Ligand code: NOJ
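The chain below stands alone, shown as structure tokens; this is the form predicted on its own.
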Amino acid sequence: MTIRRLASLCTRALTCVALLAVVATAQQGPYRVASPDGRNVVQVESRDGALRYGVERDGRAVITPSRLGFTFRGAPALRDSLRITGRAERSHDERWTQPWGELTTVRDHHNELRVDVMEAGATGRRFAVVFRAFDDGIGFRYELPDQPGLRDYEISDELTEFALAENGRAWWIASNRPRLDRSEQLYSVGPVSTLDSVQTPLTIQMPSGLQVVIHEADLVDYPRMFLAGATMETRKLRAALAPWADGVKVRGRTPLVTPWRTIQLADRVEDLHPQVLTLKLNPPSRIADTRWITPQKYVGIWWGMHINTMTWSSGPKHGATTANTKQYIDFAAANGLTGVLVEGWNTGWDGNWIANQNAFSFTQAYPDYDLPALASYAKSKGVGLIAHNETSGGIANYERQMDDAFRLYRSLGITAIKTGYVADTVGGGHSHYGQFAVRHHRRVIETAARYGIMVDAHEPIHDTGERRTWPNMMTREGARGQEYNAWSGEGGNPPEHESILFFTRMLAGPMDFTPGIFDILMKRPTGVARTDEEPRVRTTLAKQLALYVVLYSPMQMAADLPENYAGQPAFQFIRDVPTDWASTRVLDGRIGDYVVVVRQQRGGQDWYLGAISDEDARTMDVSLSFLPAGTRYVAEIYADGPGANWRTNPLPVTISRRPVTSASRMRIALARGGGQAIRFRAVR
């Protein structure tokens, strides 16, 4: 029965309800929208009252019909007796220039299908689902308009499903850990059918060879999406939202626009980078003049706390002193680094600072730290301070002080902060990733933008492309970083870790991994033998250099103590390597095994190559055809030295130079747990 025929028969309310119920049991659709290249197709239909979508690539199913809808607390679920009442299609094609990033220009070319949906029955609640098909994937979201039957709401679950057509191999970290529910875990790998509750981005390799990444975009006033349980029979993942303390997932008042659910698709694992799908699904920049937003390299009073040579708290080993900070500023200025991070400068670190979340002041410094004088001294050296704001999960305490703190920093010329949320929960029992926390993180980004301040967030909400809208949101942690190599009992990061991060966590966005540790074995006192169980970095020194190219961040830290760089020729690569890129290409890679990536310096002709390996040694032959034809280059090569391997001999680095052109080929030899970093310097 058509909608027009229904309208002609609908003369009485009871007749309308009955007829709507009949229509809801019939099939409507499928309605389809294809990507501009025609390869990716989304179809949506209403069958037997349930709304479902599916995804195909090259005519082959990727997502089989999967349910859409919501359940509510105190109201009927929005999942049955649903009918499609209208649809609209449109196409869009534009390019924009990013103020910073892994590439300069992004093209947003997509086709869109919007379906309007209505619930049969007396309430007649309405919503829409918008699908966008890109050449590199799919995005879809819900839009719930303001309406009498759905005004104030409490969502208990989002019913979105991802029913995978194949039982692919997934790389995952858990989302249901009972304490410190964050992303600082080692990755596991296994069939989709064995997954319980996992975080996104979730990278899946299908038996057919297709690469699938499930994530989300434009997370504003909504909880983070996890993915819950699949079975061998269904291979069906479903959205699982992080809760408020009382168990509700989302609360508010319509109109509601959810984040985009994204499905990135690629033929080869190398084609997953650079990932711009989430950027294309975020609104344009809200910052008109972005010239103050400056990618940078920095050093910091930080690593010493992790290796117990300094403390955050006051006392004889206090790291954040005026004298110590001046030494770091001098080191940064002498080596062309433009930032100095200082942790432990502000009062509140004494005692159990993780438990005492209301103790922190974000304007009051310890007596042995002269903030105004140091900011002035740094400015005279062409260096900026990065102010650390650890909240210990005390969001209310931080928000009370935020305007005053940011106003102070701006008055002193401090244009960057590093935030932290080391706690089991935030804001009095809420999830690190719930709607409460998402609102807070957005408030920090937007407030910082008003004061001209860039943000590096640790223990963060994961990246969903908001750096397009708020490009002062520079980088974040959101994974197991370098500090785990410094802690006894944590086991460190195994040699495969970074080659997994590249194809998983890094598909969300930039990461402040903090590379650059040169004291790989962490010096022991004279006469004290080292044991295999003690903390150490599980890479070669050359791999630490390569990470500056492989693990992208617009703010990169030279993480070691300044004295460990003294007399080290390999430190020249850290001085040289940029943090802003015009182009990025992955030449070769395999998840958990190795990565070879090249990036072109923004605003220059130089290219940089980073190659890393897991616990196995590898040799590869690489074409330099990415270099522009007709330009001569000198390859400045930082390679694993003779006999290097991460376990027993991590320090040897061989530095060499050779002329190359786009017609050249290079042999890339990687030691066990090793790496290679190359600067291709244009000969002018």
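Quick caveat: nothing in here was measured; it's all calculated off a predicted structure. Throughout, we count residues from 1 along the sequence that is shown.
Another form, the form predicted together with the ligand, is not on view; read the next lines as being about it.
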Legend entry - Contact test in the predicted complex: Trp302 vs the ligand, heavy atoms, 4.5 Å: yes
Inset, instruction - Could you confirm whether Asp606 comes within 4.5 Å of the ligand in the predicted complex, counting heavy atoms only? - result: no
Inset, instruction - Using a 4.5 Å heavy atom cut-off, state whether His110 contacts the ligand in the predicted complex. - result: no
Inset, instruction - Flag Tyr594 as yes or no: does it have a non-hydrogen atom within 4.5 angstroms of any non-hydrogen atom of the ligand in the predicted complex? - result: no
Inset, instruction - Establish, in the predicted complex, whether Trp260, Arg439 and Glu446 all lie within 4.5 Å of the ligand, using non-hydrogen atoms for the distance. - result: no
Legend entry - Interface segment, criterion being heavy atoms within 4.5 Å of the ligand in the predicted complex, picked from 121-129, 135-143, 201-209, 457-465: 457-465
Inset, instruction - Could you work out which of Val220, Val422, Ala359, Ala75 is the residue within 4.5 angstroms of the ligand in the predicted complex, going by heavy atoms? - result: Val422
Inset, instruction - Have a look at Arg235, Arg238, His388, His318 for me and say which one sits with a heavy atom within 4.5 Å of the ligand in the predicted complex. - result: His388
Inset, instruction - Scan 348-379 and write down, in order along the chain, each residue with a heavy atom lying within 4.5 Å of the ligand in the predicted complex. - result: Trp349, Trp353
